[in-house]
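Single chain ahead, written as structure tokens, the form predicted alone.
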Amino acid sequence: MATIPIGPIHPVLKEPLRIKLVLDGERPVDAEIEMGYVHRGIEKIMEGKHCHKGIYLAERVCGICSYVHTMTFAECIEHISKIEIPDKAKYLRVVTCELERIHSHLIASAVYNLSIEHETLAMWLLNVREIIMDLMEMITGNRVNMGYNVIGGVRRDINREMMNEIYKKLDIFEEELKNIIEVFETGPLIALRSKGIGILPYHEVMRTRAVGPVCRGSGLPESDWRLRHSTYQELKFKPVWREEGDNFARMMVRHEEVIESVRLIRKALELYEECSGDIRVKAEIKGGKGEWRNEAPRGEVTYRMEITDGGIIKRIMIRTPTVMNLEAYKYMLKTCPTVADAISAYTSIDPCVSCTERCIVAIKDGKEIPININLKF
């Protein structure tokens, strides 16, 4: 047995993380994952601050899916305080959330294609993603940290001219994406490096608690939290899933989810046109404890918090999807014939390390010791 360290700084890693691959010959048999290079303590920084400041910090938990964090933060406060937001705001949140999902999935696919040396497809994906980034900038005013959600609704409305532009750009985007997906689906190099590689069977998903496209690529459509969201239920959302459980299935789930997101945006805009009134209400924040979950591009994201009357954050806990999917990665190694395949299996889970680093493990005399964080829900 030999051990190969990958990272914390490595060309295939978007963020710092160390993977110690255990090899039998050239075949990976196990991995030890070491984090802790980008822990920023955002939860602790939020404590004692007003939730209007907290929502800005929530947006900085992740640089790629920043929007869904502010949406989940706002909906958790609205749930605790029993604030009903206007219908217009509900549909605009769906539009922006799905635009973010599209751009995140396209980055994930581009990075995966780079890991299997298909640079042309990666460049095509990043190029078509620009159409979506332009739409996000037009609606919210920004491309990354959008600052669009507020407690009680959203910050800016859209007009007829903007809606026409969204419909027009989505038509162009959909046409270009079809060609890209066809190349991925039929490419012999992609099949050679993706099909039957990094398999996560259905019965092992339950052991690993994997979430998001990783879970749905192994046959669990009910893992999509959009099924439980009242606005998505109005839009008749149907989850995308596959049974193969390999790298190819995970990437195809993301591609097909992009198509479903385009449909959801069009449907949400149709319902938005039938609405009247404002895009937000004056929020009266009441004290209490609560929990809210949403489906981020990588899977389930959870916010648990306790606030005072008026909105001071007493305690907050954030759980992001990658922490569960990293555990699933160890099971995928059983069907990775080489180190190169272990790398592509890692990128197929679309890891986001910065937003994952939420926990601290204290070790004394070589043993883990419990940490009292005074979190009681």
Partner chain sequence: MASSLWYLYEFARKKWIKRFIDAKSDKSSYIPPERYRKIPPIVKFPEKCISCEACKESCPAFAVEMVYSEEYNKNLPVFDEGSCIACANCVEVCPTGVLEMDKHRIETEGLFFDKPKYHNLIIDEEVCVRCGNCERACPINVIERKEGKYVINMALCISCKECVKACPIENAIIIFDEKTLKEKIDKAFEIKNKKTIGKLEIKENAIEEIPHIVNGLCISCGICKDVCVGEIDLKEKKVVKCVKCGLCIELCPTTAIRIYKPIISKRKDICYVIDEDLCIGCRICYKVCGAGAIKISKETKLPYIVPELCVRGGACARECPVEAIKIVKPEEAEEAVKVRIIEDKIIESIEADLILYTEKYGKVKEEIEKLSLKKLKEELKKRVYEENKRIKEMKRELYDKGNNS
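Note that the structure is a prediction, hence the values are computed from the model and not measured. Numbering follows the first chain given and starts at 1.
Beyond the structure shown, there is the form predicted in complex with the partner chain, which is absent from this document and is the topic of what follows.
- Proximity to the partner chain in the model of the complex, taken as a non-hydrogen atom within 4.5 angstroms, holds for one residue of Ile181, Leu235, Leu269, Met162, which is Met162.
- Of the residues Glu244, Glu306, Glu300, Glu78, just one reaches the partner chain in the model of the complex with a heavy atom at 4.5 Å or closer; this is Glu306.
- Although the partner is absent from this view, His118 contacts the partner chain in the model of the complex, with a non-hydrogen atom inside 4.5 angstroms.
- Proximity of Pro221 to the partner chain in the model of the complex falls outside the 4.5 Å heavy atom cutoff.
- Within 4.5 Å of some heavy atom of the partner chain in the model of the complex lies at least one heavy atom of Lys169.
- By the criterion of a heavy atom within 4.5 Å, Asp30 is excluded from the residues contacting the partner chain in the model of the complex.
- Shown here without its partner, the chain carries His50, Ile139 and Thr186, all of which come within 4.5 Å of the partner chain in the model of the complex through at least one heavy atom.
- The stretch in contact with the partner chain in the model of the complex, judged by heavy atoms within 4.5 Å, is 309 to 317, chosen from 346 to 354, 63 to 71, 325 to 333, 309 to 317.
- Contacts to the partner chain in the model of the complex (heavy atom within 4.5 Å) from stretch 257 to 293: Asp278, Arg280, Lys282, Ala283, Ile285.
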